[in-house]
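One chain comes next, on its own, written as structure tokens: the form predicted on its own.
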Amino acid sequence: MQLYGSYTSPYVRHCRIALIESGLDFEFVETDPAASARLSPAQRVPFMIDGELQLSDSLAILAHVRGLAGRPLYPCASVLNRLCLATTVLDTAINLFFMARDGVDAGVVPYLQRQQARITTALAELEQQPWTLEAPFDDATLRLGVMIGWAQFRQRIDFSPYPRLQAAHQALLAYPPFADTQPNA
């Protein structure tokens, strides 16, 4: 089983955490954008090759790993909803990050202003949700944690208005599979 990705990708990080938790034997293959474009139909990381099976999305990888370990990716619809909402914030923040890096000013593009507003309203909703504050962590909490970790690493979001989200992130920082996969500055 090979997981391809980068150490700074939050999606790859979530998959690495799941693999560490599962105890499954895997190889992590660091991959650059050019290799991702050649090797994955989605042209992004993470992607996984497990024998004849190739998976090109983090949720598919997580479902596969969790299934092999006998643990469901999400035990109920509310956990799935939190996972999806945290993913929405992460996707949006990453897109805005790369656009800013390419010189696009989100403040003057109405569509991108709506995307920034999406982050704010989604974070306000996530702040109201219940979060797992001790192991075993569900995948919604892990996705929230990798989202916060990425946003802090890239200095993209101020989490001071969200004490419940900060508390969940702090709880994760004490969890070795999460702490050991943090990107280095």
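Numbering starts at 1 and runs along the sequence shown. Small disclaimer: the values here were computed from a predicted structure and weren't measured.
Another form, the form predicted together with a small molecule, is not on view; read the next lines as being about it.
S.K.: Quick check on His64: any heavy atom within 4.5 Å of the small molecule in the predicted bound form?
M.R.: Answer no; every heavy atom of His64 is more than 4.5 Å from the small molecule in the predicted bound form.
S.K.: Would Phe98 count as a contact of the small molecule in the predicted bound form, using a 4.5 angstroms cut-off between non-hydrogen atoms?
M.R.: Output for Phe98 is yes: heavy atoms within 4.5 Å of the small molecule.
S.K.: With a cut-off of 4.5 Å between heavy atoms, is Leu85 one of the residues that contacts the small molecule in the predicted bound form?
M.R.: Output for Leu85 is no: heavy atoms all beyond 4.5 Å of the small molecule.
S.K.: Does any heavy atom of Thr141 come within 4.5 Å of a heavy atom of the small molecule in the predicted bound form?
M.R.: It does not: once the small molecule is placed as it appears in the predicted bound form, Thr141 has no heavy atom within 4.5 Å of it.
S.K.: Taking the small molecule in the predicted bound form as the reference, which of Val79, Leu112, Leu73, Ile94 has a non-hydrogen atom within 4.5 Å?
M.R.: The residue in contact is Ile94.
S.K.: Which among 114-122, 43-51, 22-30, 129-137 is in contact with the small molecule in the predicted bound form, heavy atoms within 4.5 angstroms?
M.R.: Looking at the partner contacts, the answer comes out as 43-51.
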